[in-house]
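Single chain ahead, by itself, as structure tokens, in the form predicted on its own.
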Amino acid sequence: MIDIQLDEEQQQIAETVTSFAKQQIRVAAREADENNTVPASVIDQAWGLGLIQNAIPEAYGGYGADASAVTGTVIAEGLAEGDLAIAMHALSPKLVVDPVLHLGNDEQKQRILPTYTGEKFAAGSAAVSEPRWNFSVSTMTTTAKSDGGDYVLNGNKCLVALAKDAPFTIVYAKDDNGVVGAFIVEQGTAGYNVGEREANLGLRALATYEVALEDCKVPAANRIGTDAQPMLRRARVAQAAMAVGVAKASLDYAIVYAKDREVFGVKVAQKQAIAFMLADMAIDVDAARLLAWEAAWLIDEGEEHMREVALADQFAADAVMTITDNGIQVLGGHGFIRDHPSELWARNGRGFVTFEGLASV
């Protein structure tokens, strides 16, 4: 029986993250979006919270707390409620830390994890998506061919966050047996070619790139585990949680606006159509959160969770589009202008149906 109850430490983390997101991230979001740049000061403050280091064992320089997927889900939702692009940037180290921590061997942990336990933020990156309209992990065309003691990677990736800054990128590719594997690629490796920064509808503050892998040779010792599917499922849970954060931000803003805005002598919130719309939005936010928590809880319990992850990911991706669109409608004409953040949330929310591997729990 599923029993999801945050313990005292998780509740404190949730409160800390939510407060930080509203007081620091939210106020920086609009300028970050307009300037296509995440403020380094905000990332430094986020790093100071120890959200990444906390889940890394003391043996590798971390704080040694439990690396719970439920905790990761709470963190992802809380930060994304402030701003999605800034949240993804701040949590990018998990794109490297989580695969190594959960699937890697001790040598890989000793070599990689200390990079993400220092006083200064270090970016992480993952290359999953490919620049094709019908991309899915099952039809991935990036290959990793065994070549003696090495793997040779070939293929093209897109939406690779912080590819130019991250000292390590986890590249996902199919091996000789058609199994999707995760491979550690260090910055500067021959054949790992980072292209121009992408120009996206949303996530404008997050630097994402296309990457070309051209006979990119990595040692066999850089393969993490044998099957990368568990990490891809963690990524989908993280994305579901972030979708909840974006949706909740839009809902809360719409509620405040509707209660305050008066049209023809009546508050907008008193209009039955608007009241029903806000209620439906609230139902979907809570439903998406519960699905994400359920999937994360099953991961922590070591139980089969493929179905639950798929449901959480799909429902949240659809819900956030509807909720953020409704958030614009509640504001009427004001929802379409940049004086209000509703249009920013709608642009970011639209991307969840295509995101793969941009976050992790």
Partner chain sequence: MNFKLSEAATQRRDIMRMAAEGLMRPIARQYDEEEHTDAWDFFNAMWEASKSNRDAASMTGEGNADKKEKSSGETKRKRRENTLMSAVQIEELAWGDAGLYLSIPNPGLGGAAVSAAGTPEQKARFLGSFHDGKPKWAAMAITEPHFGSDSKQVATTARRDGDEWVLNGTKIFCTSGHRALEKSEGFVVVWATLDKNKGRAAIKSFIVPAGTPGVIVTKCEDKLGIRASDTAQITFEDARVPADHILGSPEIVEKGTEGFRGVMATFDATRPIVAASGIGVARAALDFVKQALADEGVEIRYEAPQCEMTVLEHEIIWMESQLQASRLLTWRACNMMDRGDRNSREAAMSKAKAGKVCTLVTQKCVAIMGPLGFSRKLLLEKWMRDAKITDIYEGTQQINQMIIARDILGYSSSELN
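Positions refer to the first chain, counted from 1. Everything numeric in this text was worked out from a predicted model, so none of it was measured.
Omitted here: the form predicted together with its partner chain. The next part is about that form.
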item: Contact label in the model of the complex: residue 164 to its partner chain, heavy atom within 4.5 Å; value: no
item: Residue 219, heavy atom within 4.5 angstroms of its partner chain in the model of the complex; value: no
item: Residue 200, heavy atom within 4.5 angstroms of its partner chain in the model of the complex; value: yes
item: Close approach of residue 22 to its partner chain in the model of the complex, 4.5 Å, heavy atom; value: no
item: Stretch in contact in the model of the complex with its partner chain, which is absent here, among 155 to 163, 182 to 190, 108 to 116, 211 to 219 (heavy atoms within 4.5 Å); value: 155 to 163
item: Contact assignment for its partner chain in the model of the complex, among 146, 270, 141, 226, heavy atom within 4.5 Å; value: 270
item: The single option of 231, 101, 278, 207 touching its partner chain in the model of the complex, heavy atom within 4.5 Å; value: 278
item: Residues from 276 to 290 in contact with its partner chain (non-hydrogen atom within 4.5 Å) in the model of the complex; value: 276, 277, 278, 279, 280, 282, 283, 284, 286, 287, 290
